[in-house]
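So this first bit is one chain, no partners, the form predicted alone, shown in structure tokens.
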Amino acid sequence: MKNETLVNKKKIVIVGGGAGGLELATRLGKKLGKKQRAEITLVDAQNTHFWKPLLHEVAAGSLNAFEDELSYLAQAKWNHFRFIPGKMESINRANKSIGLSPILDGNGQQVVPARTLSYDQLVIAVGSTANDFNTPGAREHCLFLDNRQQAERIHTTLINHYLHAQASGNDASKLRIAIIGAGATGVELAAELHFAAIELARYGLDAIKPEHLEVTIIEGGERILPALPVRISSSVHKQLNKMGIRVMTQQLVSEIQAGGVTTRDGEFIESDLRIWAAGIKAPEFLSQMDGLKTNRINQLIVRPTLQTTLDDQIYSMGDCASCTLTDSKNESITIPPRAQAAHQQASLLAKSLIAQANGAAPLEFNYKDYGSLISLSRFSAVGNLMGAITGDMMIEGTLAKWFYISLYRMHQMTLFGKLRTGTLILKDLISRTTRPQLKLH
């Protein structure tokens, strides 16, 4: 009987170990994997997980990614699912299988051959990448902030500029950084870079004075943070100005060159370092996945149950999914690509898949917008909280900063539980006394 149960276990495969995918694997592992009711498998191209909303801190050096990364193998062991490294390259819906591309080492030598993985239910949660809108020169002359490796490349490039200036002996050295895009990523990165300039000077890399770090944010829309309420956008704009950060709105970028950025109005903005933070799209390979319907930015179109439109056994969530719901006013709303949406979808999908294992129908997703928060490094935070009690309340300063920090702690609690998260918080507090305020290498 035991062997028969093992053979007949439902196979649930989750592709993508971002915030939503890893939370879903952890929840299902605890509820179904632990009880041998299903075989839960997580697939990701990387070996470790890092919370994407903190990548701007890694780029500036405010956070050391090595201290906050989580091994997928370890999380799998602790939570009764299995982890398979690999990148999905195909789906065969008829055979209910996915193809994983070979894994190569740094020299291009094959480490792991191409593989096929079968499933009964498949969840695609591969996140998003930057959308450069095919802007000429963007790929050649910009750095991006899609993953940890790219964030660390930005940080290394930043440090190298400071080391070069220090070695030159020129106390009047300048560093000009252009950030294309004034969404949350671009704005938060600009503030972190301002903080980094102050800290680098404190630690002796003072050839580039903090006031000589010239950060320019270039936004095509009428205001920064276009997805947030106007009052928040205006407050953040004022604080950026106080930091000496130049903000340019209604400036569409037409071309990126080695020495700067050209706008459609013909203005050329000189820069030593260019970072693209405008727009997102789902990975392009999703548009070629055995006929599954996608939109113009490659997102899989899903129903309120998070099932894809053509296959009930394939689900998608997070940034790579386009889910349109009907709100209380009978108006259609498309779920925004935010961490809170991925968190809520992971929670719903875990309950839905568990319910289906018990013979129930899939559950429908109901999105609740709890507001948005923008971190301005150590200086401040601004945002709004939305709820039945608070209504739509704007907060800023220390209170907003605490709420902002709590978002990451909530993610950790989902993965580790309250006790281990408390231990991690204590570890972080202690480590502040034994390490510099900024990663210096």
Ligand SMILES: Cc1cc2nc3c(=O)[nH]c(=O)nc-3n(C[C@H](O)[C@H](O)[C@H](O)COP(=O)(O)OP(=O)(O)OC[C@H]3O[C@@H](n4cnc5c(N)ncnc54)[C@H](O)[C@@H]3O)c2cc1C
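All residue numbers are counted from 1 along the displayed sequence. Since this is a predicted model, take the numbers as computed values, not measurements.
Just so you know, the form predicted in complex with this ligand exists too; it's not on screen, but the next bit is about it.
- Considering this ligand in the predicted bound form, the lone stretch of 295-303, 83-91, 228-236, 163-171 in range is 83-91 [heavy atom distance within 4.5 Å].
- When contacts are defined as a non-hydrogen atom within 4.5 Å, all of 53, 285 and 317 contact this ligand in the predicted bound form.
- Although the partner is absent here, residue 12 lies well away from this ligand in the predicted bound form, with no heavy atom inside 4.5 Å.
- Mapping the unseen interface onto this chain, residue 219 falls outside it, with no heavy atom inside 4.5 Å of this ligand in the predicted bound form.
- Although the partner is absent from this view, residue 379 stays clear of this ligand in the predicted bound form, with no non-hydrogen atom inside 4.5 angstroms.
- In the predicted bound form, no heavy atom of residue 207 sits within 4.5 Å of this ligand.
- Of the residues 65, 45, 413, 395, just one reaches this ligand in the predicted bound form with a heavy atom at 4.5 Å or closer; this is 45.
- For the options 260, 127, 137, 362, the residue carrying a heavy atom within 4.5 angstroms of this ligand in the predicted bound form is 127.
- In the predicted bound form, this ligand lies within 4.5 angstroms of a heavy atom of only one residue of 144-177, namely 145.
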